[in-house]
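In structure tokens, the next block holds one chain alone, the form predicted alone.
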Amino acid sequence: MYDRIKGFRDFYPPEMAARREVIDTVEDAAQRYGFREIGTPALEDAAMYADKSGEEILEELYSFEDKGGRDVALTPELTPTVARMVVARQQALSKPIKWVSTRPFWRYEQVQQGRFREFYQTNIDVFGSREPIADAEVLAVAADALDALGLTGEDFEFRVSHRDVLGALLDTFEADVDRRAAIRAVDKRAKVEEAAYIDMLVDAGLGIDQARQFDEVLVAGTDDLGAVREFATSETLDAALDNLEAVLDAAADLGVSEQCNLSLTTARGLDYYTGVVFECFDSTGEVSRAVFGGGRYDDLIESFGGPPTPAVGVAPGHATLGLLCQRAGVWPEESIATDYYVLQVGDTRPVAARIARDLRERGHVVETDLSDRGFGGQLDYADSINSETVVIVGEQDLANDEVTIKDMASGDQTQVPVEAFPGAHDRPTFDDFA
């Protein structure tokens, strides 16, 4: 007996049915805005990640040398891959490019609530527009998806910030600050003790008093961006604040202002983010991690050898999204459903097969006996797969040119002329013939 590998999961049919409903709902929301589905590989050149995040990132990945001597990695995220794809066909693609995909990713990291070593995300990206409406549309797609899942504004919130605001504020201090390390510290602010957070800012180059002052401005700015403007002025800071306000205004026009909250202590840990960033959180705090996040990454395409191309995206993670849905009581029922079971008694397969074929052509889920069961065994199986209707095709019925239609919920049944079933009905049930 083999055990499942730690951090990887099995999904049996009932759970997979619920997951499929969630995936379809999220993708449908994106497709209503014109996002087009793409497919991407599971393996990429490991250098693509090392070049962007440093060689140390490979310790967190499933990376190895393949049989051709190439250093490769199982993809830990999609953004570098879609950046590569845009560069490969940059002249042929009409802009803005709007793509969506759902697929698994892999990271070798500590397994915890909502975090696995194999995980699934729906990635939604826009390339080729730096307008605030593009950021707002990504937020709107995410909000529409959550709404379609049955969640309300009381269940979640979007915490919206801007990476250039953080960078410009750091530049106001007379200190040699490692901006990347400081922003990573901000990203960990809610996950560590205050003293540890301040220590990380100090390690990044701020003095203790400067670190505390920096944090005070971030907190004040969460309530009022005017407090940030009063603290410091620079062209970079003013432009970032103006852009942040423009995105929030556009989000309001798209109907998602109630879900968006200013949060300058939101930073996103990945280095390629350049502008507006945001994370979605459970409003109650019961799901302790970010449900998902996203933001703008305007420099990534150029870093892959393409022309300057603005980009913004979001990636709902299905593990944490599932935790939020379960907490809010809107996770789909984990069950399978079957429209029809065609039950055979005796030598009736040709007629049973014709009925099953006719029902499937109408788009219904239809099962028949594959195990040479008797009448009782077939009926028990039909019940186990939640069949709504059982069509009994028996030798005695056929002798009278009939079949029996049984409603599994009530147990009621009736005889129907075999040539009249399914007939002109799109979804024939007991009630159509009773």
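As the structure is a computational prediction, the values presented were derived from the model and not from experiment. For every residue, the number given is its place in the sequence shown, counted from 1.
The same protein also has a form predicted in complex with another copy of the chain, omitted here; what follows describes it.
Within 4.5 Å of another copy of the chain in the model of the complex, counting heavy atoms only, one of 84-92, 175-183, 217-225, 196-204 shows up; tell me which. Careful reading of the contacts points to 84-92.
Would you kindly say which of Leu58, Met408, Leu398, Leu379 lies with a heavy atom within 4.5 Å of another copy of the chain in the model of the complex? For this set of options, the contacting one is Leu58.
Ala190, Ala353, Ile208, Ala148 - the one with a heavy atom within 4.5 Å of another copy of the chain in the model of the complex: Answer to the contact question: Ala353.
Give a yes or no for Gly54: in the model of the complex, does one of its heavy atoms lie within 4.5 Å of a heavy atom belonging to another copy of the chain? Residue-level check for Gly54: no, no contact with another copy of the chain.
Answer yes if any heavy atom of Glu388 is within 4.5 Å of a heavy atom of another copy of the chain in the model of the complex; otherwise answer no. No.
Close approach of Ala250 to another copy of the chain in the model of the complex, 4.5 Å, heavy atom: Because a heavy atom of Ala250 falls inside 4.5 Å of another copy of the chain in the model of the complex, the answer is yes.
Is Thr404 close enough to touch another copy of the chain in the model of the complex, meaning at least one heavy atom pair within 4.5 Å? Contact check for Thr404: no, nothing within 4.5 Å of another copy of the chain in the model of the complex.
Residues within 4.5 Å of another copy of the chain in the model of the complex, restricted to 8-42 and counted by heavy atom: Contacts from 8-42: Phe8, Arg9, Asp10, Phe11, Tyr12, Pro13, Met16, Arg20, Gln31, Arg32, Tyr33, Gly34, Arg36, Glu37, Ile38, Gly39, Thr40, Pro41, Ala42.
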